[in-house]
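As a starting point, one isolated chain is supplied in structure tokens, in the form predicted on its own.
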Amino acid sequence: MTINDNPTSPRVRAWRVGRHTVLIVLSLFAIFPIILTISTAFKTDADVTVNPFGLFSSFSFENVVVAWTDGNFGDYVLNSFLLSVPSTILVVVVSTMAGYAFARLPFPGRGIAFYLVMLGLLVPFFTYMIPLYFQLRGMGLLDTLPGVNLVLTTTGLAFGTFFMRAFFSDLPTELEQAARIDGASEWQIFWRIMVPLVSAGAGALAVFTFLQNWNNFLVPLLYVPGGEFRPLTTGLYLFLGGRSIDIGPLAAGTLITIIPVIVVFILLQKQVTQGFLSGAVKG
């Protein structure tokens, strides 16, 4: 279809109907597991056994209560926030400052330093997760909130620096030149001029990092062996181990795990879209 095609022609209408039909079908495939999980979480145990794929055929809070009390999901929710929020803040702050330095500040070895940071995108976490375990244990940071937050932060810094550098690189140099003529310091240029201009990118990075850290399973499993600060991901895994037949409580635990992610994305989807679209246009 070209721009000059008549939008009211049968060919164009058939194309639009077919396109929307395909999108609707793919959307149903994507959201059906979520709908089924919600339905199963609020069913009675008998209904889950008799009619596992029936949607909203009964209603009960029993599964949610069992997951929240017996599975200790209330503590897991708090631990997930204690692990995800500080690490997200650290990633956004450090990545924004590093991206600005690599994009706008000329210093010796800037290119080499940047590519060394980018090695974090190339080296898999599995290659150094065991040495990191012994290093954290030697430093007394194993099974602690600061230790796990530092690990989660370091795993996101390479991408965050690369992402924010792209935004800072495309800002016009006349802005900082005019600010320097007016007597602004480097910190004032960064904080008052540059940061507001890349707020969409920082917001998108914050949402992306939060979702990634919230869903991280391996890092808490390895570096929180005591279980005191176990988040939802590892808590759901242990809950699953003892309830291979109780589908209802498992669905309720899964629902408790994904609700914060869905809420955060819905509330901040505008910032995410603006950030990634801005990066695409600038790049």
Partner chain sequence: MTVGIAVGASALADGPDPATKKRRRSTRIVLDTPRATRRAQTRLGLLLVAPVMILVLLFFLVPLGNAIYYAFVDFNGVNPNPEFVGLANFIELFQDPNLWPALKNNAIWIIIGTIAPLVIGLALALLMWNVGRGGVLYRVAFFLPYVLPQVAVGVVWSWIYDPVRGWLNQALDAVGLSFLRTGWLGNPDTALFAVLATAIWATSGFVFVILLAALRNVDIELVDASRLDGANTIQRLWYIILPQIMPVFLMVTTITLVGGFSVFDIIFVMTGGGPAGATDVLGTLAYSEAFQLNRISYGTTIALVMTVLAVPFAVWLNRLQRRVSLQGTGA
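Numbering follows the first chain given and starts at 1. By rigid core we mean the largest C-alpha set that fits within 1.5 Å across both forms. Keep in mind it's a predicted model, so treat the numbers as computed, not measured.
A second form of this protein, the form predicted together with its partner chain, is not displayed here; the remarks below concern that form.
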Query raised in the report: Which of these residues, L145, L132, A179, A200, gets a heavy atom within 4.5 Å of its partner chain in the predicted complex?
Result: L132
Report summary line: Partner-free chain; cross-checking its partner chain in the predicted complex, the single residue of L82, I89, M139, L175 with a heavy atom within 4.5 Å is M139
Query raised in the report: Does its partner chain get within 4.5 angstroms of any non-hydrogen atom of V65 in the predicted complex?
Result: no
Requested in this report: Considering only heavy atoms, tell me if F217 and its partner chain come within 4.5 Å of each other in the predicted complex.
Outcome: yes
Report task. Answer with yes or no whether Q212 is in contact with its partner chain in the predicted complex, where contact means some heavy atom within 4.5 Å. Result -> yes
Report task. Using a 4.5 Å heavy atom cut-off, state whether P225 contacts its partner chain in the predicted complex. Result -> no
**Report entry** Candidate site A14, G74 and V77: all three near its partner chain in the predicted complex by heavy atom within 4.5 Å
**Finding:** no
Report summary line: Looking in the predicted complex, the residues of 146-173 with a heavy atom no more than 4.5 Å from its partner chain, listed in order, are L150, V151, T153, T154, L157, F159, T161, F162, R165, S169, D170, T173
Query raised in the report: Once you line up the core, how about I259: does its CA shift reach 2 Å between the shown form and the other one?
Result: no
